[in-house]
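Listed next as structure tokens is one chain, alone, in the form predicted on its own.
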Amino acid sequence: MRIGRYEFKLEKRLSLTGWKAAIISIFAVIFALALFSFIFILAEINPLLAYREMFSYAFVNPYGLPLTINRFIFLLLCTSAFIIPFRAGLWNIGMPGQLYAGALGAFAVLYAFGVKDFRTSDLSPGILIPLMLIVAALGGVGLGAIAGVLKGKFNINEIVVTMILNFIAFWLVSHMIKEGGPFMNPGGRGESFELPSSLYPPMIMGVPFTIFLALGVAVLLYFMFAKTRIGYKIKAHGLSPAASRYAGISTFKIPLLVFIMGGALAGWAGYHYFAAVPGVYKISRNYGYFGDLAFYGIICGLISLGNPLAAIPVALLFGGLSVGGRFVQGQLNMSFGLDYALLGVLMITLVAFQFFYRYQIGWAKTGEERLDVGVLR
């Protein structure tokens, strides 16, 4: 395309460095916020005031910041649960079901030891909390392994399988916590029994210990993909299952392995939100909301290009905007769903800007040597 003396051309990128991807993502976020400003303008609200309230509450306010951190931990675990199969060329859409299974597993441990009836005087938190983490991971593993086996053995589409398992797990939770269910709250409410205070997980500077679990997982996954043999096999399978088969990589074991690992992390996400977040400490009646929230892990994984370390700031941003958007909705008397709308615009914009991950725009003066693009390179 020619404009005046300049000729513009779209070129495919041969490579993309991390800092260039970060710059593109920053521009995408700025563009999304500018685009969403029209919603505030239509509501006769100053966008600068709205964003100031939103970001200050989510990242500075002593009440909002802990909510953001808890949301961040949850999203980072869900993102990691998506990234592992994604690097193998597979799509884990089953994080909601796997985190439900993890939550049920954690509360099953308490139920087995009679915690529902508050017989906890002789139970050690040092034993029960690690046991809850183990069984929560196993719950997610059980659901993830089903998808892995069906994909690896029979090549059944993992997206269809994981979506079906999500519905099964959702209604299983409903059965367990609603009237007549074994986990039903003793007060008859449509939620599970609560953790006794003796089994609240440890807090470090007001933050659940699971933050170290989530950050540690992200670092270990980065190291695994960059330095280990199994990481190489997972990436090779993702690039070409047929070629990896000829190289001796099992096309059954890799799908099974990545879904087991992803399921375990999603199970921990279930433990975190229902057993480690202050003020919750039960499978709440709005548990379906957190299942929906887990899908943002897919977007965070795609935006970060499957890089576990890059997923950390992305998950923090999404966690903060979801909390800040809900706060501004009430603070400025706006309609319900502002947080969903904001995250939706942000997702669409970030995914659209991935176009610039693959292509760059160059220009040159007519008849002269080509000039570099600048930011869009």
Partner chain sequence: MWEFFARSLAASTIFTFAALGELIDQRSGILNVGIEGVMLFGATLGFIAAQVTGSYVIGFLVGIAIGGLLGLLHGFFSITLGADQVVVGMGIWILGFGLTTYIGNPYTGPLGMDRIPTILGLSPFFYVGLVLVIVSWFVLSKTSLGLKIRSVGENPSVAEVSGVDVTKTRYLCVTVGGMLMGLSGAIYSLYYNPVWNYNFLMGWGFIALALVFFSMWNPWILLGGSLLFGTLWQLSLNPQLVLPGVLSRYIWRTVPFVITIGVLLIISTKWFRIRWGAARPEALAVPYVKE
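Numbering follows the first chain given and starts at 1. Between two forms, the rigid core is the largest collection of C-alphas that superpose within 1.5 Å. These numbers come from a predicted model, not from an experiment.
The same protein has a further form, the form predicted in complex with the partner chain, not shown here; the description that follows concerns it.
Though the partner is left out of this view, Tyr340 does reach within 4.5 Å of the partner chain in the model of the complex, counting heavy atoms only.
At the 4.5 Å threshold, heavy atoms of Trp91 reach the partner chain in the model of the complex. Using a 4.5 angstroms limit between non-hydrogen atoms, Phe355 touches the partner chain in the model of the complex. In the model of the complex, the partner chain sits beyond 4.5 Å of every heavy atom of Ile234. Residue heavy atoms within 4.5 Å of the partner chain in the model of the complex occur in exactly one stretch of 151 to 159, 200 to 208, 244 to 252, 222 to 230, and that stretch is 151 to 159.
Residue in contact with the partner chain in the model of the complex (any heavy atom within 4.5 Å), chosen from Leu316, Val345, Ala28, Leu65: Val345. Site annotation in the model of the complex: the residue of Ile168, Ile127, Ala112, Leu239 reaching within 4.5 Å of the partner chain with a heavy atom is Ile168.
Every residue of the trio Lys178, Asp292 and Ile298 has some heavy atom no more than 4.5 Å from the partner chain in the model of the complex. Shown without its partner, the chain has Met334, Ser335, Phe336, Gly337, Leu338 in segment 324 to 338 as residues with a non-hydrogen atom within 4.5 angstroms of the partner chain in the model of the complex. Shown in the overlay between this form and the one not shown, fitted on the rigid core, is a CA shift at Phe36 of 2 Å or greater.
Residue displacement note: Leu338 has its CA displaced by at least 2 Å between this form and the one not shown (rigid core superposed).
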